[in-house]
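Coming up, as structure tokens: structure 1 and structure 2, two forms of one and the same protein chain.
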Structure 1
């Protein structure tokens, strides 16, 4: 049998063709070969279509309705056009509270996560094997802490009555009486920031470190011989060769930090009672399940999705340029 082999699919085709001879049999074999990837994909595609794509279409449909508890029970539709979007976009709360909370927080969190992660990655490459394992394990501990329990631990650390932070600050004479960190919008988000950075930087550190280990040692040594300092070496050699790693890390972090939900929702006042700490995700959830305004909540969710879609498009464009899919 002398056939040129290109892919398993081609092999399968030529084998059955050789066995069955020319004509309709051969055509059937080709059809089977063409169907094979779709057979493999079918289970996953069915699940994704039923439970991801259809719900996504549905959230669009809900967002154009006055969809409340009555409609959810009866199944009736009550289309009101773009009223939900108009209401969300003209709500002063969106511009003064929700959007700043979402965007400023995401930007700060991404910068802190990526900078800290990169610094830790550089530090780790400079450690002996033993200490690298120690630091690596410590990072894994921070990473493995689930968002829910992690949030509760930070709430306990900053607890207004008996938290260790208040006790230490009072013990050091910096404060006279306990401070409630959760009522103020800025200190509230400071705790969210510490929580999210603590949970998120290990991913950056591990990914960047893997990239750093691949950077050419010869080039770095040559640059050092030429008198380039560590900072210049980082920005002129290390950073350019890790550009793709940084792109992935920055955009994934951006998407995660825009979507922060549990870390806000589970903190005191975060579930809607303190409206000055709402972000897009929590606002959508609170309107839907707290106020039973599923249509309005859906409209907010669509707005959040649109923001993330723009980021995703940038992500794909960057990826596609570097490496075809």
Structure 2
């Protein structure tokens, strides 16, 4: 008869296994398995932290200083706490001009971009493969056009002297003399709205079309047989099926349209000479590089970032509550 003598470690391992708990080797394997995804993501996360997080931290630090040319040359720091934020929030121009321009324009731009993009996506899903490719290629040209180029095209179209719009309106007898579209606050942002929607709707159209192609045709046909019209089928079947797609599209459009800069700055008067058309992005740039008040401009940039975060969080929470119901 042979007797096997086990070591204390082996006895402990066998006892823990018999008791149902994992042994040291098993726990180590579980820990490594849990850490493996983060180890694989670590290089990308480090790059994102360096490229995105650190600049945000620097902007936040600048916003707490009276930072100008003197501080850049001398390298000194002049911390003033939240004085820049107090000045920005108590500036009448923020509440009467800058914030209304930013918020109202962003809301209109997001609604128009998503609605137009969705309508184009529905149109493309009802086309043949050939015409779908043709229309998709045509709208992608607008999306691929740089914002600078697109802005100058629209400036030329609405030019007060040689613009196509003024010539057509005068030729039709609707105007007696040329009209400068860029001096008026509302006509200025109407042109910006057309420019932004024209540049942004292709992304929405292609994204929504990809989702529409995955919607169950059997459900749509069944709803049609039950007497549901196109609008009812869209809001009761298509839209709920594509809620996540619309969430991504709306959030991205909101972020892009709230921080519109080039389309405003490059238009006549948009660089700060016409103070009635300033938005948060241009105001931050003008105060930073036009007035050499980098601390104050950084504070405005931080406020813009906070506004975007609040809007995004609220929208995501509303959608999550709808999913729970």
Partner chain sequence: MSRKITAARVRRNVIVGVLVALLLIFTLFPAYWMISSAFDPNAASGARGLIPAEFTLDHFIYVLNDGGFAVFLRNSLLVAVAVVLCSAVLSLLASVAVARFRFKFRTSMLLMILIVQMVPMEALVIPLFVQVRDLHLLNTLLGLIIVYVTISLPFGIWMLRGFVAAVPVELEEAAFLDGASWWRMFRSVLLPLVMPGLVATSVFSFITAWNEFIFAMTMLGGASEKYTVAIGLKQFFGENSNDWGSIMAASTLITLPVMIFFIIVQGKLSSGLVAGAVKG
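Keep in mind that what you see is a predicted model, and the values were worked out from it rather than measured. Basically, rigid core = biggest C-alpha set you can superpose within 1.5 Å across the two forms. Numbering follows the first chain given and starts at 1.
Trainee: Could you point me to the form predicted in complex with its partner chain, 1 or 2?
Mentor: Pick structure 1; the other is not the form predicted in complex with its partner chain.
Trainee: Could you check whether the CA atom of residue 286 moves 2 Å or more between structures 1 and 2, using the rigid core for the fit?
Mentor: Result for residue 286: no, shift under 2 Å.
Trainee: So with the core overlaid, does the Cα of residue 54 end up 2 Å or more away between structures 1 and 2?
Mentor: Yes, its C-alpha moves 2 Å or more.
Trainee: Using a rigid core alignment, state whether the CA of residue 33 is displaced by 2 Å or more between structures 1 and 2.
Mentor: Yes.
Trainee: Superpose on the rigid core and then read off how far the CA of residue 43 has moved between structures 1 and 2, in Å.
Mentor: So the C-alpha of residue 43 has moved 5.7 Å between structures 1 and 2.
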